[in-house]
Structures are given as C-alpha cells and as structure tokens.
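Just so you know, structure 1 and structure 2 below are the same protein chain in two forms, each on its own as structure tokens.
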Structure 1
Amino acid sequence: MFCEKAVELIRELHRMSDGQLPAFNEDGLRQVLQEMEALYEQNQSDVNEAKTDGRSDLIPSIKLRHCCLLRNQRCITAYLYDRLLRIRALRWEYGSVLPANVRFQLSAEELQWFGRYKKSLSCFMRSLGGAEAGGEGLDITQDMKPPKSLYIQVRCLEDHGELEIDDGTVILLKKNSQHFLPRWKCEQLIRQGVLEHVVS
C-alpha cells in the first residue's frame, strides 16, 4: 500500500518519549524515496499516454499517485524537521559535547548540522554580555529553570579531572567526592552525568 513506509517513519518518532532520539532510519527513508520515484515515473508514463491517446480513464490513478507523492513528501519533511528540533534541544540539554550513545543515533549530515548550530549559538552567546570588551559573553544555556540557591551540593559520579571556578579555586573532581559549588558551574556536568545533585 502506498505511503505506509513514510507513515512508519513518523510513528517511529512518536513512539519515543520527549527528548529521546531514535537512530536515523536511512533504510526507511531510502525506501520512501524509491517509492516516490516509482510513483513519479508511473505518473509521467500515464500522463504521456493520456495526452497522446486521449485516455481520460487514467486521470483518477494519476491524481491518486500525485496525492501519494505529496503525502510522502510531507511525511519525510516532518520526520527530518522533528529530528532537527530534537537535535537542537540536545545542545541545550547536554552542552556542546554530545554523549557517545546520542552521537551514534545521528546521521553524518545531522552531526554536521549540530556542529554548525553549536558554532552559531556560541557566536551569539559571545556577542552578549560585553564579550567585545574582553568579557566571556553570556551563557544562555545555563539555569534553564530559575535556581532556588546559587550554590548546591554535588557528588562526582566519575573521575573528571580539574574544575576551575570564578575565584580561581581549582577543584579535583574524583569519583564519589562531594563538593559545594556554584550551580551555574555544575549544571552542564549534571546533565552530562559527571555530577549528581545531592538533595539534603
């Protein structure tokens, strides 16, 4: 049946919960494009036959195939656009470095798009907050929710190395060590799974 493979691409995305990204379905996309090519060629053949032989009985099947082409096109566009929205949200959630299990789900083109989006967002953030005058800019990806306190207690879940805070203090993040740190310095590390917020 026409358009089943395209609708399955959309269903695949809807089965995933918000924020999750299924692996890029290159095979499914290729099958939809092949179906579209076959529909287009059948239509071209029937249109030529209808014109030359005056066969008006072919017009309903031409219209049906054309509607199927449009539906496949809409489904592919929705699939790719939804994936880009999810990839954009990953930049805000994980920061500029994606975990390996997330990177594995992306196609090469999606990884390129993520890199360009990351650079664009970085340039924008550097332009904010007086970066031209030697400042660092403003990281708008921090504090996605308003903080209740500026400092939080965190536990390190893995050996991460050194972390320098604003006053120049260098803290060694070793597995199972606990620290009282500024929230904005920890937020991305918490999202990446390096630190865990200890609720007292």
Structure 2
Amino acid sequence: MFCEKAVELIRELHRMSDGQLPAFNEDGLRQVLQEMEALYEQNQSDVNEAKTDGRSDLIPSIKLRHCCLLRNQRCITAYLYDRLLRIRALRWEYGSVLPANVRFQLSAEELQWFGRYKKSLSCFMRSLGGAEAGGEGLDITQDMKPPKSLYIQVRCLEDHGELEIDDGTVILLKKNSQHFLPRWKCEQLIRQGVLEHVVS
C-alpha cells in the first residue's frame, strides 16, 4: 500500500504526545523518499507513454500516483515541522544547554536549527528593557506563570548535594528536607524534579 511508511512516521510522533522527542527516524524518511522517487519515475514514464501513444487509460493511474506523491510530501513536512515545534519547546524547558540524552535524538540539521533559534531568542531578550546600547535585556524564560511570592516552600525529593544561592550561602539538599528559598533559584530544580513545590 502506498503512503504506509509516511503514516508510520506520523504515528511515531503521535505516540509520544506529551511533547517528548523520539529519535530522528532517518531510515523511515529515506524509505518514504525512495517510494516517492519510484512513484515519480513510474509517473514520468507513464506520462511520456500517454503523450506519445495516446493511451488515455493510463491517466487514472497517473492521477493516483500523483495523489500519493502529494500525500507523502504532506506527511513528511508535517513530521519535520512537528519535530521543530517540539525542539523549540525544549529551549523553554531546559534552557540553552540541552542534556546529552536529548541532544542525541536530534539530527544534525535540527541541531543547527536549534542553535539559530537560540541565537534569535537571545537577541530578542537582549533588546528588551531599553533599546539603545546598555539595555540589560529581560530573561523571558523565567517565571512562565505569574509568581505569587518572592520565596516559595520546596521539598527535596532526592539527595542532590549542595546548592549555592545568590548571596553565597550554600544549602544542603537532602531527601525530605524542606526549604524556603527564592523562587528563581528553585525553578530549574523543580523542572528537573529534584525539588517539589509545596502548597499549603
């Protein structure tokens, strides 16, 4: 059946619907491109035959192959675009340095795209808060939800060792200890799952 492999790619992304990124499926993509090439070749030869020999009964099959080609194209572009959207979300999730296991899932071109996205985001952030030279910029990746207070109560879910806060003091993060810390210090660790925000 034509277009099966393309739908397979889409299904793979659909399975990981919570924004996780599966590994870049080079093989699958190559197979789809091969299928498209084969269809295109067949179509070319049929079109030539139809033109020269006047065989109008080949026209439906040409139409079918053309539809398949369009479908494959649509599937592949959807696959690539969805991956790019997920990679963009990674920048907001993990910050500018991706952990190694995530970076493994990206293809070389996707990594390039990620680098360029990072650059344009940081350019934008720098331009905020005073346009002319000397603007400090605003880190818009902090505080994704409007914060209710400067300090939050967090609970440590695992032994993480020491954490240094802005005034130089060091806090020992041991399992099941609770701390009352500045919000901006804890956000990263909360996202990583080391700390848990306690709402009481």
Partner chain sequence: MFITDIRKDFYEVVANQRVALLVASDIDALCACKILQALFHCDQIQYTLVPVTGWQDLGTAFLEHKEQFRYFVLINCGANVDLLEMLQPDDDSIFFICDTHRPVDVVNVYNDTQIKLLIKQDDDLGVPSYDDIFRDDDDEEGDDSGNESDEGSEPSGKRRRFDEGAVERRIERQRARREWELFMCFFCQAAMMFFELAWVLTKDTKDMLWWAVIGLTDQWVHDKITHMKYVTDIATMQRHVSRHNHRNEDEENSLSIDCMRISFEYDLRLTLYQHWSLYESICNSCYTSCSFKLWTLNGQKKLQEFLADMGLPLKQVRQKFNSMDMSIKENLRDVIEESSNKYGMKDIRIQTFGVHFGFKNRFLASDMVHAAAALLESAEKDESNSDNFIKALDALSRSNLERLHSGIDLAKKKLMAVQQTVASCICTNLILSQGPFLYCYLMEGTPDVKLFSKPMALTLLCKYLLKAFVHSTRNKRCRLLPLIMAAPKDVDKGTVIVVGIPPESETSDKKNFFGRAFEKAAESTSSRTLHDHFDTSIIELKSEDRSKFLDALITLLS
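If you superpose the two forms and keep the largest set of C-alpha atoms that fall within 1.5 Å, you have the rigid core. On a predicted model such as this, the values are computed, not experimentally measured, just so you know. Numbers given to residues start at 1 and step along the sequence of structure 1.
Here, the chain labelled structure 1 is taken from the form predicted on its own. Superposition of the core reveals a Cα shift of 2 Å or more for residue 171 between the two structures. For residue 153, a C-alpha deviation of 2 angstroms or more is recorded between the two structures after rigid-core alignment. With the core held fixed between the two structures, residue 190 has its Cα displaced by at least 2 Å.
In the rigid-core superposition between the two structures, residue position residue 180 carries a C-alpha shift of 4.8 Å.
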